[in-house]
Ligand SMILES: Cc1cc2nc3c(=O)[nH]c(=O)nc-3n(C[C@H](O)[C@H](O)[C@H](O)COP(=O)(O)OP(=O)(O)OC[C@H]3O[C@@H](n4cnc5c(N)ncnc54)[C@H](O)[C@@H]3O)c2cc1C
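Let's start with one chain on its own, the form predicted on its own, as structure tokens.
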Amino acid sequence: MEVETITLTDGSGYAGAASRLLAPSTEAELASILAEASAALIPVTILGSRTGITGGSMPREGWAVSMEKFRRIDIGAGSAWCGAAVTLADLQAASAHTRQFYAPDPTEWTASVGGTINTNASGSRSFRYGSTRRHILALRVLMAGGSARTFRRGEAIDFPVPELPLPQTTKCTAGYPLKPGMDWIDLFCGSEGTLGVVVEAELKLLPKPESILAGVVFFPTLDHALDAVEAWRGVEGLRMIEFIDHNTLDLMRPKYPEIPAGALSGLMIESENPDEEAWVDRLERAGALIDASWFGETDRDRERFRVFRHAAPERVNETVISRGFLKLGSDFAVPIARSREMTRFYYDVLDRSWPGQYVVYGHIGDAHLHVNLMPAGPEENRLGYQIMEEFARHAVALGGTVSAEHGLGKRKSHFLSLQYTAREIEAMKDVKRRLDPHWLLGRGNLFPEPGH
């Protein structure tokens, strides 16, 4: 069960190391590890697929525990019981055999179920279906000392907490969303491994739609795409509306030369109401490059478009890591009404301070774009961190959040104080102390210092 000490990295290139790396194969073995660590006051960091980009699964000290052997999948009518290590790809494949699907759609399908629960991940279909939290029916959790509990949806916490303000965004995963009598599942989902270890989860499955129209729609300007987003948000059956900017298209053109030369922005869409005549009318009124855009109605078409979308973060990661730096990416969201304002702010700052070294893409339907900076040298890298903080502050000023789906982990834990007051953060820490009194689980995630 134990292997020699190694250095680990996550999807952003952030490195961690542990004095022991353990991979239990049963709940009993995991409980024994947690009990031993608790008795000896040894910090424990839980590892999933390590696709995260905030350092949340990277230990700074103590033991690392991999959940890689917890891979059970039981598909039922309307739900699935999954081990923490089950990947999204495996869950979707298993569900497809029963004409069902799991609605949350993070871009990285090699991500584990446990990891997506810990960050309350969402992804491209969140425009219609929301984040992971909405789709959890039950959680099997091991607490810091090794005791096990199963929490079902609707089971309220049994201790008092204050109600903390939430941003007026469609999704948020910055800290604990505290309110009196809140659901246990809502507390654990998005807690980034700081309150307990998710072993298994019962997840809601939905019937697979009879037909879906998918497309990558190209536009001649940024404003054309932004106008289309505002016009299409209310379209019945629209479940995905993703943005791709001009720099992202340029970065992807070597791999996808079929991207039209006149395209300066794009929207990736999926609609469960595939009225082709209505969509042709919408595309014409939006000024889209209709003949150069891509459309399809089969599973193969949607997978091709998904791979295309996933190529953007892959190319960014390859570029940044090849230059010897960590990925610098935003995860901020603002209220829908402030979406265009925030988008314009991004471009005003980037074109002035960072021309040609950035890409912008992501979940524009949720007013949640990912800005990715690609520094070419140390000075640019230092400036990049300053720009990200400027963006975070502006998002909060507009009523937004500093983390919509990736979590804060260790790399971005300092952003929590931009969204919450010291008193509000202390209320979160009180919950941490109640469930993990020795501050052993996920040390360094969310809160920069242990603070106990």
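Position 1 is the first residue in the sequence shown; the rest follow in order. These numbers come from a predicted model, not from an experiment.
Beyond the structure shown, there is the form predicted together with the named molecule, which is absent from this document and is the topic of what follows.
Check your understanding: Which of A111, A80, A225, V320 has a heavy atom within 4.5 Å of the named molecule in the model of the complex?
Key -> The residue in contact is A111.
Practice item. Using heavy atoms only and a 4.5 Å cut-off, determine which of A121, A201, V217, A367 is in contact with the named molecule in the model of the complex. Key: None of the other options qualify; the answer is A121.
Check your understanding: Using a 4.5 Å heavy atom cut-off, which stretch among 162-170, 352-360, 228-236, 111-119 contacts the named molecule in the model of the complex?
Key -> Only one stretch qualifies here: 111-119.
Exercise for review: Given the named molecule in the model of the complex, answer whether the residues G16, N372 and S413 all have a heavy atom inside 4.5 Å of it.
Suggested key: Spot residues vs the named molecule: no contact at all.
**Study point:** the named molecule contact in the model of the complex: R149, any heavy atom under 4.5 Å
**Key:** The answer is no: R149 has no heavy atom within 4.5 Å of the named molecule.
Check your understanding: Quick one: is A84 in contact with the named molecule in the model of the complex, heavy atoms, 4.5 Å cut-off?
Key -> Yes - in the model of the complex, heavy atoms of A84 and the named molecule come within 4.5 Å of each other.
Point to revise | Non-hydrogen atom contact A64 with the named molecule in the model of the complex at 4.5 angstroms | key: It does not: once the named molecule is placed as it appears in the model of the complex, A64 has no heavy atom within 4.5 Å of it.
Check your understanding: Can R393 be called a contact residue for the named molecule in the model of the complex at 4.5 Å between heavy atoms?
Key -> R393: no, not in contact with the named molecule in the model of the complex.
Review point. Out of 313-341, which residues reach within 4.5 Å of the named molecule in the model of the complex, heavy atoms considered?
Key: Heavy-atom contacts within 4.5 Å come from P313, E314, N317.
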